[in-house]
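This document starts with one chain, in the form predicted on its own, laid out as structure tokens.
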Amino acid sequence: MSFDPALVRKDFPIFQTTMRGKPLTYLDTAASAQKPQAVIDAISRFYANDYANIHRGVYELSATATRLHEQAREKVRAFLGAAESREIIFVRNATEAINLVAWTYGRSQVNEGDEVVVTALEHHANLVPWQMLCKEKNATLRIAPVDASGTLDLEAFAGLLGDRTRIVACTHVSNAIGTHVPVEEITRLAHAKGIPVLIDGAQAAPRFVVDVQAIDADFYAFSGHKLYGPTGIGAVYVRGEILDEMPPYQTGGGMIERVTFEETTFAPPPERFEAGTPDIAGAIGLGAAIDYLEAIGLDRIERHEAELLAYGTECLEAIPEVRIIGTAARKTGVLSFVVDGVHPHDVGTILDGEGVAVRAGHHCAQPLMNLFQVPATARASLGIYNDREDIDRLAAALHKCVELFH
């Protein structure tokens, strides 16, 4: 069955609105995806009909809420291909997921003189926690380089793995330039030396099938809001053998087994890592988003975005004043670019006047921007609701931008 983004767009209420009197051309899905009515309805229905706190209530409403919440966890498990639901920990977003791993597992494993390896492609969320941990532990942060196209140098990466490397943290898809990282090869190289791997899947999980067991990931993080789900919810997969050894991240209600004034023992995973009342509605909304994407088919989504990315690349390369930043052979969902003589913020403002929404800035990847010797880029990122007409509107708006400044 062919993929028809025009039909998909009808599932998203926001596309009934206009911007500056023009149809909304939303090209900022890498920052946050729009929400289909199915997700909105699932959240509304829960608050209207089924709301109660979970896990500790013996009354029917609490039992129903608990069941819905745990059904959402099982949906995430299946979505990521994890072996057990207990390997799925709900968090606020991928940022909190990475911090959870850094400050529990990382802190228990990294000591003075040890090393942590990340790539030059990382979002700040998968760089700064490791940077801070290394400073705290007097350890060394090693950076795997990229070439001029933004492709990870696998040979250089392999050369960084040593006897003192305690963890590797890498993105699956770069949020800033779209590079698709060969995470299966990353895990193979790291595991050959007994080194665990955390993967930031925030940009990957909404775009193609992810199987954490096939990847052989030890940790895999993603955010719900980039997956067409609500904000404030995400999840991290942790391999079961590692999960059992990890200390708590936060303490409070729901994550304890027994408390006395002298001592506390903690609940088994995943409850050990989910202190306090969770975002119950968020988890249910995330489950609804997974249902929605799987009904469309992740394989179809991947093909559609690949075709649209190729068309977008062709259109932007046809404008002499536009230069694409990040030209890796294997890319996913992102067109990052600069316009000669025009600051990216001005580009974004002009495009907004044409109803075209793109992100302008360093995209929480300042070190990567420095490698490309640009302060920022404009970034058009694709979603399931985008089509060639959106790319044509982007190109037309860029031609207008060029005319204004040249």
Ligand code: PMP
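The structure presented is a predicted model; accordingly, all values stated were derived computationally and were not measured. One-based numbering along the sequence shown.
There is another form of this protein, the form predicted together with this ligand, and it is not shown here; the text below is about that form.
Asks: Taking 4.5 angstroms as the cut-off for heavy atoms, does L368 touch this ligand in the predicted complex?
Replies: Looking in the predicted complex, residue contacts with this ligand do not include L368, since no heavy atom lies within 4.5 Å.
Asks: When the contact criterion is heavy atoms within 4.5 Å, does A125 count as touching this ligand in the predicted complex?
Replies: Yes, A125 sits close enough to this ligand in the predicted complex that at least one of its heavy atoms falls within 4.5 Å.
Asks: Mark A30 yes when one of its heavy atoms lies within 4.5 Å of a heavy atom of this ligand in the predicted complex, and no otherwise.
Replies: Output for A30 is yes: heavy atoms within 4.5 Å of this ligand.
Asks: With the partner left out of view, is V181 within 4.5 angstroms of this ligand in the predicted complex by any non-hydrogen atom?
Replies: No - in the predicted complex, heavy atoms of V181 and this ligand never come within 4.5 Å of each other.
Asks: Three residues, A94, Q203 and H225; all within 4.5 Å of this ligand in the predicted complex via heavy atoms?
Replies: Per the other structure, all of A94, Q203 and H225 touch this ligand.
Asks: Between V173, A217, L335, V76, only one gets a heavy atom within 4.5 angstroms of this ligand in the predicted complex; which residue is that?
Replies: Here the answer is residue option V173.
Asks: Among 101 to 109, 208 to 216, 134 to 142, 173 to 181, mark the stretch whose residues have heavy atoms within 4.5 Å of this ligand in the predicted complex.
Replies: Flagged stretch: 173 to 181.
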